[in-house]
Ligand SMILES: C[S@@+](CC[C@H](N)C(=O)[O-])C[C@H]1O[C@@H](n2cnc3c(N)ncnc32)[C@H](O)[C@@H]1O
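Below you'll find only one chain, the form predicted alone, shown as structure tokens.
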Amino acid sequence: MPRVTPDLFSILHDPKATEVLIKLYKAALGQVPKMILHFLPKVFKMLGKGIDWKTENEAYFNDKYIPIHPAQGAFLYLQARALNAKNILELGTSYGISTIYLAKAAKDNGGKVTSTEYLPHKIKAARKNLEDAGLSEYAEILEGDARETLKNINTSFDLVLLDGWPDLVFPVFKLIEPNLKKGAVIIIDDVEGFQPSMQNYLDYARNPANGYLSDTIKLKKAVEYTVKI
């Protein structure tokens, strides 16, 4: 990730959101050395076929940011504006970095973000960050396992960001698939490095017979970009 400067967030045209994002990205950068040490034994797998990440190995990450790259955030914001997305869904709030980009787009579009997170301390922090950014009224955070909290949701979504545990991508996608509008965009982070955990999603979304077009695009970090056709 580059040095954190205000110009990384200029697309938002929002000083309050920029101030909060700078603070959060600096905190995330402070965790990078420990993250490098954690993944060092697995680096050859990550650069090769990837790691099959399982949620039972999640305790180490309870205080980690693991944010989207600012270039990804700018893309998310622009994509939401291009779609005029009024109903946005996010899997994996964490401390609210990606949620801020999405909530700013929702504000500008006259819509709302529904985000999901199961760690109470992260939810509390994310809500405070959204409030400090002046965006709390444009985002709702559902607390608990997304496989439960999204079971009875009735909203039809224009844009979906799946950035939680990689092995939850496909089960959560299948859960909310009936809620996707035609033309909806689904964006998956960490597609490189953790492909085995989401291979079931990739196989499904890349088969046009299932009603989608999907491919990997590079935004500093790679994402899978899927369109419901």
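We number the residues from 1 along the sequence you see. The shown structure was predicted, so the numbers you read here are calculated from the model rather than taken from an experiment.
Beyond what is shown, the protein has a form predicted in complex with the named molecule; the following relates to that form.
J.: Is there a non-hydrogen atom of Ile66 within 4.5 angstroms of a non-hydrogen atom of the named molecule in the predicted bound form?
T.: Flag for Ile66 set to yes.
J.: I'd like to check something about Trp165: if you look in the predicted bound form, is any of its heavy atoms closer than or equal to 4.5 Å to a heavy atom of the named molecule?
T.: Trp165: contacts the named molecule in the predicted bound form.
J.: Is there a non-hydrogen atom of Asn109 within 4.5 angstroms of a non-hydrogen atom of the named molecule in the predicted bound form?
T.: Flag for Asn109 set to no.
J.: Taking the named molecule as it sits in the predicted bound form, is Glu140 in contact with it (heavy atom to heavy atom, 4.5 Å or less)?
T.: Glu140: no contact with the named molecule in the predicted bound form.
J.: Which pick from Arg81, Lys86, Lys128, Arg147 sits with a heavy atom within 4.5 Å of the named molecule in the predicted bound form?
T.: Comparing distances to the named molecule in the predicted bound form, the residue within 4.5 Å is Arg147.
J.: Verify the flagged residues Ile187, Gly211 and Ser214 against the named molecule in the predicted bound form: is each one within 4.5 Å by a non-hydrogen atom?
T.: No, the candidate spot makes no contact with the named molecule.
J.: Which one, 58 to 66, 176 to 184, 192 to 200, 29 to 37, holds residues whose non-hydrogen atoms are within 4.5 Å of the named molecule in the predicted bound form?
T.: Contact criterion met by 58 to 66 only.
J.: Going by heavy atoms, what in 65 to 100 lies within 4.5 angstroms of the named molecule in the predicted bound form?
T.: Tyr65, Ile66, Pro67, Ile68, Glu90, Leu91, Gly92, Thr93, Ser94, Ile97, Ser98 sit within 4.5 Å of the partner.
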